[in-house]
Ligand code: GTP
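Just one chain is shown here, as structure tokens, and it is the form predicted on its own.
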Amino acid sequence: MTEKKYLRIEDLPGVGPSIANRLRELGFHTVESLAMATVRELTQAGIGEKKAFQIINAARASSSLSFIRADELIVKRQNILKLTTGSRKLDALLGGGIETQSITEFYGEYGSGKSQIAHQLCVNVQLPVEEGGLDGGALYIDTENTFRVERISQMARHMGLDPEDVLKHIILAEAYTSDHQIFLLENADEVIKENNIRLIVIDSLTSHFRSEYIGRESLAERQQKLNQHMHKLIRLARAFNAAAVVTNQVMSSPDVFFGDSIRPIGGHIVAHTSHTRIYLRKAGRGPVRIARLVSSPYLPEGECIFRITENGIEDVEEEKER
């Protein structure tokens, strides 16, 4: 028996105009976002637990979220796409590029190339699938005022794309506080659906949390909010088959005497929720950067080099070929 497909949240059983408005106030604008919701989240709209459970189940049935066999998962995973970074070597390190339906984290010191990669991905996502893109738009949540339209235009022109057209397909949201950052993502589902967003970028993930939650006494609250924030991100990525990319700041661990003492902010919460983690660092003073794959669900650790030029993210070998 084929489950009924619901297009709007008002179409779901038990959701009238009043409940629909209350759900939207909580940030649930689409059936897809309700399919990823928890009963506890919906009860905040004044809905009883039993009714909340029914609404979520109907949304999940409509979105084909159910138990499946592992062999069926192979077919389901064929829907997962890869987004090119612009560097063949970096793509190879990532198993073909940035995966949809998962979170990829780039962390490193200032000037290591985190925001540059984020900008490049906003351009690349608009390419056709056969060219390494996802044929969609990008949602860029900017927490450090790092987004530059001039850089996007520069990269687009190099790729033979119309800069003005590329900029039209990037939705920018500036987050002024950690609560504002959380609010933007929690209310992003309708924007994602209406604009065919296939890439969600948060640059940077931890900046506001790091500056607002200072001291050990506030650590637990910070980690709890970060945990909820990242789980919302992965739910959106899975609901809309989008790639989720976050950049992260780092700190130096004073207790490390041998090896690299650099550690990403966010502790175990960010480490466990980011499916793929890449550590970026400079290779001298030039444009060359080193990317190290630190963790992945199925890829081995490894390193590669790439460079950041006025054209964007490129392979180092290209310079030798000219």
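Remember, it's a predicted structure, so these values are computed and weren't measured experimentally. Numbering starts at 1 and runs along the sequence shown.
What follows is about the form predicted in complex with the ligand, which we do not show.
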_Contact residue in the model of the complex, chosen from Gln249, Asn227, Asn187, Asn241 - any heavy atom within 4.5 Å of the ligand_ = Gln249
_Proximity to the ligand in the model of the complex, single hit among Glu310, Glu10, Glu25, Glu301 (heavy atom within 4.5 Å)_ = Glu310
*asked:* What I'd like checked is whether Gly14, Lys51 and Asn57 together line the ligand in the model of the complex, meaning each has a non-hydrogen atom within 4.5 Å of it.
replied: no
_With a cut-off of 4.5 Å between heavy atoms, is Lys232 one of the residues that contacts the ligand in the model of the complex?_
no
*Answer with yes or no whether Gly111 is in contact with the ligand in the model of the complex, where contact means some heavy atom within 4.5 Å.*
yes
*Can any non-hydrogen atom of Arg151 be found within 4.5 angstroms of the ligand in the model of the complex?*
yes
*asked:* Given that the ligand is not shown alongside this chain, does His29 nevertheless sit within 4.5 Å of it in the model of the complex, heavy atom to heavy atom?
replied: no
*Which one of these stretches, 113-121, 88-96, 191-199, 171-179, sits within 4.5 Å of the ligand in the model of the complex when only heavy atoms are counted?*
113-121
*Heavy atom within 4.5 Å of the ligand in the model of the complex: which residues of 169-187 qualify?*
none
